[in-house]
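There is one chain below, alone, in structure tokens, taken in the form predicted alone.
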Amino acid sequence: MQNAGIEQLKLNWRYLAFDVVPEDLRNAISGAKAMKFIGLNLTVPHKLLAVSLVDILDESAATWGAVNTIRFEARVGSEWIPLANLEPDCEGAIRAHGFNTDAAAIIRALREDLGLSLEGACVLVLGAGGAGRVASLKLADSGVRTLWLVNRTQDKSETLAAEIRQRYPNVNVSVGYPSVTVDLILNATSLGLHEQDASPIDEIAYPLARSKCVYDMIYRPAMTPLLKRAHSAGCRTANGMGMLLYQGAKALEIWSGQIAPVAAMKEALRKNLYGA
């Protein structure tokens, strides 16, 4: 996806993947900075750890408490300039600038893939971990009326609910399953990656047919067991490919300062994920 976008923008870059254990994340960021990388993407479990490891946080990262994109910048006079805009042999101090592109990507995917307007919506979120926390906070920020939070451990749901009530007092937040129809069920757990996984939702406590839409952040397989059952129940459904696409497109824009070629990136991503 990123290399397709880089090619379209005619950038002399290459996007590479590296396995880094959490204990080595600080060294990995420092090494990339020393080698004058343009930037980095971070995935689980590094997004929360990176908040304290970058030199400065963009408002997006500070607001959502997670970093999934880093842009390296060099000091030129009194300004910090992205390395993409400088010569490779530039000198001077370099800093790591942390961003979060996940939160906005969730909302864009819900709007474009499901045609869902979140203003005044009622939403059930499954999962209160890193992804569930960011999704729930962004949904609250986007004007939903009511949120229900369900997690394997209730304490984590209660903690997240308290944070949302403090930051967004106009949003009604409850822990547990609703007794009414909702506009959206959003799965922010990893349950569904494998066919033998347990369901992320207790369908006795809350039948899928009581939701208008179901969004699963998992993007492979394309149709998770949850989405298959939701489709059979008459719900509009979408998987997490859109979220993956839009967070990546925004990251490319942060690094390059150019508008990301979303169509080319989407086609490359679709072929990579589903082979067709």
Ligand code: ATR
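Numbering starts at 1 and runs along the sequence shown. Note that the structure is predicted; figures quoted are calculated from it, not measured.
This next part talks about the form predicted in complex with this ligand, which is not shown.
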item	value
Partner-facing stretch of 146-154, 79-87, 167-175, 108-116, counted where any non-hydrogen atom is within 4.5 angstroms of this ligand in the model of the complex	146-154
Ala188, Leu184, Ala103, Ala140 - the one with a heavy atom within 4.5 Å of this ligand in the model of the complex	Ala188
Partner proximity in the model of the complex: Gly98 to this ligand, non-hydrogen atom cutoff 4.5 Å	no
Contact of Ala128 with this ligand in the model of the complex (heavy atom, 4.5 Å)	yes
